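We begin with a single chain expressed as structure tokens, specifically the form predicted alone.
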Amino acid sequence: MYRQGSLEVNALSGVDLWVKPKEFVSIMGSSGSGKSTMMNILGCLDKASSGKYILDGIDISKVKDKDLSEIRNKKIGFVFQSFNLLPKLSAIENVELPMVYAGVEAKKRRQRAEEALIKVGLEKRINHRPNELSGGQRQRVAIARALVNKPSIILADEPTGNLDSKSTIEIIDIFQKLNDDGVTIVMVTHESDVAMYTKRIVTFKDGLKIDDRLVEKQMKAGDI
């Protein structure tokens, strides 16, 4: 619930959503449907005004605000449409950032960042800055950054929204391979064809969950 002037607006109402380990779920819905609010709650950026959110066994509704940043850094990897990379830092320095905040020592940071960049196919671009990379490569850096603290879940908010069709398939292929390796992924997308690469589609409208279904025949990006 949030206030809009003197009105109280229920961004989400009576939503019951379970995401199991190793799932790959897409969240769809038009603007104002509640999907962004849901992602903010899942990402511990906002707290629900009522109800419970259990993340990896932790009741987030009972966690103090000052402790939420630590939970976000350790439990959640974020991938955004706009990449959110620092322009003055190289790819590997951007990937190291979550580990800096987590207090990981420098040698281990560099090793884990290199491993993450290799995993997304950017081992030859580790010292390039964002302006020296394509959109698809910048999103790969963002995915590597989301992986380095080995989070319980990756939240991807329109991760292909700024990419061409070729780069979109490349990014989806990375997500599918990560999911095959056991990474849980929740992805917001407005593109129904992109959602078909996930295993389950949840649809929101006017703050309500109106559909929740398994994808009968998941498309494989690696087959294209």
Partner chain sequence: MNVLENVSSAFRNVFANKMRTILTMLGIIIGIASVIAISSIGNGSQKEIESQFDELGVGRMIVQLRSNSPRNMFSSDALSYEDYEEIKKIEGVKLISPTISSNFFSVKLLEKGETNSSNITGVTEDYYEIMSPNLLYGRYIKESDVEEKSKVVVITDTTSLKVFGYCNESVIGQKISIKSWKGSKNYFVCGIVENKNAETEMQYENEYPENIIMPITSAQRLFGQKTLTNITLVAEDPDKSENLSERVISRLDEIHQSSEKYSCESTTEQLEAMNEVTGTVTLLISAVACISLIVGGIGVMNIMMVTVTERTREIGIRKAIGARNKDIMLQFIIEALILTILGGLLGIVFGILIGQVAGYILGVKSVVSLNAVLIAFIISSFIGIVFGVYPARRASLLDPIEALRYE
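Computed from a predicted model, the values in this text were never measured in an experiment. Numbering follows the first chain given and starts at 1.
Missing here is the form predicted together with the partner chain; even so, the following discussion is about that form.
_Non-hydrogen atom within 4.5 Å of the partner chain in the predicted complex for each of D46, F78 and V100_ = Verified in the predicted complex; spot residues all in contact, yes.
_Between S50, S192, S69, S30, only one gets a heavy atom within 4.5 angstroms of the partner chain in the predicted complex; which residue is that?_
Looking at the other structure, the residue within range turns out to be S69.
*Check each of L133, I153, L89, I126 and return the one that places a heavy atom within 4.5 angstroms of the partner chain in the predicted complex.*
Contact residue from the list: L89.
*Proximity of N73 to the partner chain in the predicted complex, heavy atoms at 4.5 Å*: Looking in the predicted complex, residue contacts with the partner chain include N73, since a heavy atom lies within 4.5 Å.
*Given that the partner is absent here, does N179 sit within 4.5 Å of the partner chain in the predicted complex, heavy atoms only?*
Looking in the predicted complex, residue contacts with the partner chain do not include N179, since no heavy atom lies within 4.5 Å.
*E93 near the partner chain in the predicted complex, any heavy atom under 4.5 Å?*
Contact check for E93: yes, within 4.5 Å of the partner chain in the predicted complex.
*asked:* Taking the partner chain as it sits in the predicted complex, is N40 in contact with it (heavy atom to heavy atom, 4.5 Å or less)?
replied: Close contact exists here: in the predicted complex, N40 approaches the partner chain to within 4.5 Å, heavy atoms only.
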